[in-house]
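Same chain, two forms, each on its own as structure tokens: structure 1, then structure 2.
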Structure 1
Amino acid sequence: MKRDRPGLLARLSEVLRPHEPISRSAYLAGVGASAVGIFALWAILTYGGLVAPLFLPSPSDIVRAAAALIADGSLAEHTWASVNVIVTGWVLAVLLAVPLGILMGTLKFVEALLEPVVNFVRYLPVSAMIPLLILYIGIGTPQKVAVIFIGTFFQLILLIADVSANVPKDLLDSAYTLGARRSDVFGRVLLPATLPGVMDNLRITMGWAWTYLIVAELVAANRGLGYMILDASRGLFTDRIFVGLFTIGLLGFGFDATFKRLHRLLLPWSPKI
């Protein structure tokens, strides 16, 4: 008896088993299908004249707008300005939140000092603090950096505290029975033990930092991707808005991949890889 190749339905049911691994080719097929599907839908809606260019520009419109922004150097300038603000604000938040978070998750007294304050500030909308920030530090770049800082610091400190609180106590006790003193335990056990979790949360909060971009560039900005989008929306240049969004998406993609790569490279022992 001749056996047919498995039909589409059979193959579909094969890749839809809960929590079961699928072949690499099936995975790539999914990635491809999603990209092609979105692009096809977009092309049909725009070239088919179903949606006006004012609401959704066609792919070629966006490429044209992007080419113009690249040609006059403004896209590079805006991108550089935004990356600068975001990375500066995020790095400052990381430098403070990681050590404080580790202490907060480890020492009950530090937790008592910080947790109520952090949980209070964490819920305040960053945009509501802009008037205060202008009053305190003006309308220059520091104000924009401060927005990113506030947006990430208070979240990151809690995430890091959780990571360090979950370091198994037996790990610390092992170090003590091997002759470690309390001062050894911070650097030799707690810090390395938190690194995989810290690395994960750095990646996640970098993503959050980008979502604050528009808020950061709301006030008195004359460059930056957020400014570019706000400016384009005033003139209803929808194509430029999309160029800005695509650029942010690509940058996010790049940062995420870099963090994952760094995790593998710097922490080859990490149980998370």
Structure 2
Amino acid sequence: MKRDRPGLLARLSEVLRPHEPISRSAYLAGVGASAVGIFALWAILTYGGLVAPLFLPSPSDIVRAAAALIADGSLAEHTWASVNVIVTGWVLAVLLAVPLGILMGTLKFVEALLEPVVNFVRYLPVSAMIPLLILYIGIGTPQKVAVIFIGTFFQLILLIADVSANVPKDLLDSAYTLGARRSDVFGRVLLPATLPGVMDNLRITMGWAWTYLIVAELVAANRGLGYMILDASRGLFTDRIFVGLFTIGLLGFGFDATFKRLHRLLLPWSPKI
């Protein structure tokens, strides 16, 4: 008679199956193991004296620095300034990129009009455009919003176009065969088939928007998380640098979780649900 495999090996085999869902408890166990492992390594390196505080502050040093920044209100002020800039620039990019990307991926004439310009601009470093943005817009919040917009719009429009172009043509032909009008095919077939991919790309480009934060707040900024990090680096306040980085990471984690939640609530037909 064949012997049963040990329970631990059986559970490990189940969670390592490609593209197979796992239980919530197993997922949370993986998240917990990752967090505990990173924190343990961090504690060993800092409290064990293996890395100098100048290069890697200890968890307690960062907590004290965060408490000081929260107490004087500066962390909230910098956080709100950065979130305002990022969300504004990203929303403007989304409002233009999503409809244009869907049209670009669906209609070859629109692709011919937009693709050369988009492909050219998306390879230009955003930081190289800052002098022109200062000349055209000036120094202030609009210039920072423009940096976020340029950094996300030209990437997002191509991602959306790719999603739209990959909608199976058989799906559209079937709708026409059943008597659907062109407007119905766009609104009731093409758009619902595209939206799951659109939502994923919105989540990805929101992450990209945060990566442009330092660039956006590099010139003539007096507030924002990017400014706070740069200002702390001048005085070698490494603990404050880590506070800024952790704040950005937590905000990004929150935005990411929100997008995943919206994906489940608004798009129940998505293959990922």
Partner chain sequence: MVAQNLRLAIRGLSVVFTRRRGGSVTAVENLSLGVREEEFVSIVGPSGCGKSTLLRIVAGLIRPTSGEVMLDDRPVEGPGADRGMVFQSYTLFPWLTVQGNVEFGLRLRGRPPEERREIAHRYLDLVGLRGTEPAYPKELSGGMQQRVAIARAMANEPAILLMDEPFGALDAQTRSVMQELLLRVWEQTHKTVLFVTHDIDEAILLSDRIYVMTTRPGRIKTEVAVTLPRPREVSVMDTPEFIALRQRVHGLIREETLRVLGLESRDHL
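One-based numbering along structure 1's sequence throughout. Values in this document were obtained by computation on a predicted structure and should not be read as measured data. Note that the rigid core is defined as the largest set of C-alphas that superpose within 1.5 Å between two forms.
**Student:** Looking at both copies of this chain, which one is the form predicted alone?
**Tutor:** Of the two forms shown, it is structure 2 that corresponds to the form predicted alone, while structure 1 does not.
**Student:** Is residue 174 one of the residues whose C-alpha moves 2 Å or more between structure 1 and structure 2 after the core fit?
**Tutor:** Shift of 2 Å or more: yes.
**Student:** Given a superposition on the rigid core, I'd like a yes or no on whether residue 67 shifts its C-alpha by 2 Å or more between structure 1 and structure 2.
**Tutor:** No; that C-alpha moves by less than 2 Å between structure 1 and structure 2.
**Student:** Under a superposition restricted to the rigid core, does residue 230 display a Cα displacement of 2 angstroms or more between structure 1 and structure 2?
**Tutor:** After core superposition, the C-alpha of residue 230 moves less than 2 Å between structure 1 and structure 2.
**Student:** In Å, how large is the CA movement of residue 28 between structure 1 and structure 2 relative to the superposed rigid core?
**Tutor:** Once the two forms are fitted on their core, the shift reads 3.4 Å.
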